[in-house]
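To begin, one chain is listed below as structure tokens, in the form predicted on its own.
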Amino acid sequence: MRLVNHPDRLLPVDPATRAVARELYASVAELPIVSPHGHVDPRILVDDRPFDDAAELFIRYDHYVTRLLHAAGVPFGELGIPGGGAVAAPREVWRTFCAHWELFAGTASGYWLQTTLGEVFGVTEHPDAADADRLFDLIGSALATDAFRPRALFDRFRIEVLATTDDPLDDLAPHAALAADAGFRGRVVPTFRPDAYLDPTAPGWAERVARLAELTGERETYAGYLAALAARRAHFVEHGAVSADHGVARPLTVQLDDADAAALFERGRAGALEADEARVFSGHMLLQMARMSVDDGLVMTIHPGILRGHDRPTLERFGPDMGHDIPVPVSYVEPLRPLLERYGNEPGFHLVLFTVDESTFSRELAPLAGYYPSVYIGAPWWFLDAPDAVLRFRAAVTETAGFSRGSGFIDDTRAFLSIPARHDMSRRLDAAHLARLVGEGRMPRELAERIIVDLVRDQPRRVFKL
């Protein structure tokens, strides 16, 4: 079967609406990519070394891919993932992937893979077992050329801004190196991700708190802990950070007085917190992060609702990010009320709320963003970062909050080569949605033309203070 990236893919089937969508899409198709939240390692751009091979690039670190192969009964070792037992060589991993290509039919992963294979590498047929070796060598030959080094691809993809995700104690040396490199024209910014320092139930929390104090020269008290976190945020701001990200299980916020917070902090350091006390302390610290965002200007993003490590034996053997993180229902309105009552109307405070619980888009997030000037609706994320889910998102939030209260598209990926495919998908779907509104007589075409440019170019810059 031929691998065909149809020029009108994802656009409406109706010819008249498709014609409008085609022109709307064309107006933004070549605009630069603004990626204000993601997980690409900045060292690949500092070192600018060639990528190793097709298996390393497309499979090894992409849990969207490995989880479906695992569901089909493929052992992780056959996907090149160490964790005890035999580990397949890259060519064998690629053969396994190609033999299971049809598993990805109709999935978002399949769409991104097909787009990347076709548009980046010029692959013209669907992978299969018979052709696996030829494709492996074709991709390998391309990766050996200067045109496929990370910096060349960064330029080819027209990436204007790329945000990474970083530990609070990271020295951010790769970001400093890129900022000082006159030969690198892009902008790569760090993101402050303090989850493991705020949740006393996280493994190694007390040790992290001690290292935080040691690095900043603060005392190991509650007041010193807050001062140390603020100091590390300042370090990130100095290195170009624009946001602080919080991957919490629940978006709970709690206001405690200093004495109560300090008591829970000391109990946490001693390993003596009860589960309810730990939740309260974590909720208080999320509120403290909002306070610090008001002070230092970092955009606050919250990514809740994922049960991490659902498959404990796999977690113990292979570690996290293996595809066994599962969405759970989330509520925002009451848990965030303490935060929003204090800071929701603060000038300059930006709070971007993400969800993997689709029921919250129209019930909670759109109404919140449609009232509080600080609140923006995060783009469809993780399991919802898929064509039909993106269209459902647009329909769910726009009628309440309009187009202006969104974050702009967020690719949230570790897979560097999939970045342009993901952003292109979003642009096509926005064009499809706007074309439908034009066709239904609900929006003048001239307004749709302005809105789609704003969604792609201006909105992420505005929301993330770029």
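All residue numbers are counted from 1 along the displayed sequence. Please read these numbers as outputs of a predicted model, since none were measured by experiment.
Missing here is the form predicted together with a further copy of the same chain; even so, the following discussion is about that form.
Q: Name the residue from L256, L172, V294, V356 that puts a heavy atom within 4.5 Å of a further copy of the same chain in the predicted bound form.
A: Among L256, L172, V294, V356, a heavy atom within 4.5 Å of a further copy of the same chain in the predicted bound form occurs only for V356.
Q: Scan T96, T191, T216, T314 and let me know which has any heavy atom within 4.5 Å of a further copy of the same chain in the predicted bound form.
A: By the 4.5 Å criterion, the partner-contacting residue is T314.
Q: Want to guess which of 266-274, 222-230, 71-79, 153-161 is within 4.5 Å of a further copy of the same chain in the predicted bound form, heavy atoms only?
A: Correct option: 71-79.
Q: Can any non-hydrogen atom of P327 be found within 4.5 angstroms of a further copy of the same chain in the predicted bound form?
A: Judged by the heavy-atom cut-off of 4.5 Å, P327 is in contact with a further copy of the same chain in the predicted bound form.
Q: Just to confirm, A395 within 4.5 Å of a further copy of the same chain in the predicted bound form by heavy atoms?
A: A395 belongs to the contact set for a further copy of the same chain.
Q: Is A132 part of the interface with a further copy of the same chain in the predicted bound form - any heavy atom within 4.5 Å?
A: Although a further copy of the same chain is absent here, A132 would stay clear of it in the predicted bound form, with no heavy atoms inside 4.5 Å.
Q: Since only the chain is shown here, I'm wondering whether P90 would be in contact with a further copy of the same chain in the predicted bound form (any heavy atom pair within 4.5 Å).
A: Taking the distances in the predicted bound form, the answer for P90 is no, it never comes within 4.5 Å of a further copy of the same chain.
Q: Go through 334-354 residue by residue and record those having a heavy atom within 4.5 Å of a further copy of the same chain in the predicted bound form; state none if no residue qualifies.
A: Result: E334, R337, L340, E341, N345.
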